[in-house]
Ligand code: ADP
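The chain below stands alone and is given in structure tokens; this is the form predicted on its own.
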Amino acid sequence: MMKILFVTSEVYPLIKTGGLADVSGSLPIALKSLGHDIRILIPGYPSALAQGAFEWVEAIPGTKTPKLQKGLLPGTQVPVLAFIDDIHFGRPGNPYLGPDGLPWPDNAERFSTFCHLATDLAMDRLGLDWKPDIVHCNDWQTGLIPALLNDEINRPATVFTIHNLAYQGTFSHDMFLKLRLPLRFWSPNALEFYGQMSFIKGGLVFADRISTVSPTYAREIQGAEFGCGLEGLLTHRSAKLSGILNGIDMADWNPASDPYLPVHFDREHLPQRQEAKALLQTAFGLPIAAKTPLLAWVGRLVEQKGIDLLVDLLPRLMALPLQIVLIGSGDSRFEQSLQHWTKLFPDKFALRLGYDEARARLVEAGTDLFLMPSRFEPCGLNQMYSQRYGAIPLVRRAGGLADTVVDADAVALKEGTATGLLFKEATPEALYDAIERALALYQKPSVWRAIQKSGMARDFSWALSAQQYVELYAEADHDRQT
């Protein structure tokens, strides 16, 4: 049994802005099921504390007030520790962005404080009488922890997971000085990155082992296209870099029992899925049309996700016999353009700005084709949800998308292994060709149904990935001792 401190800036269902929360809310459950003593550490956001039964940890010796509250991840026996710091985290709304949509100006101070607290917890200086064997850090908000722990005697081993290398936590040299970090950290071999301080470099340079969320993305980030300026460092540390595919909670994401769905089905009862399609069309104000192919998008409306490719195609797509529904928010120019198209084609195109869990799940359950034309995608989860729910994903061959979707080419169709459609180039034309290929397959109901059933049979659970993390932890601990 290992003792694992899992440090993250968000965890579902307590606080979520993206896929990091989903991973943080499911991987620890899988690790605990393998018999490990795992505890999650998060900042004490008011909205997160309001959703769980948290209570104060006993006061830290030598201090007047405790800094931690403890509870359980809802619906589980996984302990959660929340760092209580009202100055830095006692504010409502997005954990990273202010009401103006811009990053909080004190984000460096906020997450530096969080990292120092995590370091003290990892070294058992907070009176809990518990010292982890492994500290598992996630994304830039936790990047200083491996650097800080590197100076400690008899420290735990560290693992740092990159969920999205594009977000690096870079700040000015003045901010570096303000944080009162060791001056030796201001070096290209430590935190300095082209004249700025980079939180993520703390994890990449100092962690005993580095992981990212799919094997393909682990290879991609060692090249200039996806390395975000850090490809040299990642190539240098390639022997310590692993790609472990994210899993999903198969019990939560189950069309046969999903409480968000008004109708349930499984791979042996696909005709009931037509009812979900009709309900989806009704929910978005589209005509009920069982035989009209329905395309969907759920996600951020930003160029990384390829929304510009879809927008460029709308004049051509609206001339085809199909419907499109979108849920998301992001770049205002894309939001405005999409709103314009809903007015031009209200019977064919529907949009809901923002995010709504119930409608997002209804999309997965009712759409025929789920679009993910991402320019890069470290792992992606929606393509896995889609396959689970009988929606055929159409994705770009990048990152985790390439690792989780089997293209419906001639060989895969013949072997019965196809689960979706992939295209290579990030261009409108390549996306359009893939959509045309999908629409041709849609006209062959038996072939389409076979692709659906193949996707619904896939095992995307955390079982294999959690065991791979256990092996990675053992490697990290070995590296720490050598």
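Quick caveat, the model's predicted, so the values are computed rather than measured. The numbering used is simple: start at 1 and walk along the sequence shown.
Beyond the structure shown, there is the form predicted together with the named molecule, which is absent from this document and is the topic of what follows.
Annotated contact segment (heavy atom within 4.5 Å of the named molecule in the predicted complex): 369-377, selected among 73-81, 262-270, 171-179, 369-377.
A residue is said to contact a partner when one of its heavy atoms sits within 4.5 Å of a partner heavy atom; Gly18 meets this definition for the named molecule in the predicted complex. Among residues of the shown chain, Gly247 is not one whose heavy atoms approach the named molecule to within 4.5 Å in the predicted complex. For Pro321, no non-hydrogen atom is located within 4.5 Å of the named molecule in the predicted complex, even though that partner is not displayed. Contact between Arg396 and the named molecule in the predicted complex is not found at the 4.5 Å heavy atom cutoff. The partner is absent here, but in the predicted complex a heavy atom of Tyr355, alone among Trp186, Trp130, Tyr355, Tyr96, sits within 4.5 Å of the named molecule.
Distance criterion of 4.5 Å from any heavy atom to the named molecule in the predicted complex singles out Tyr385 from the list Phe111, Tyr385, Phe199, Tyr217.
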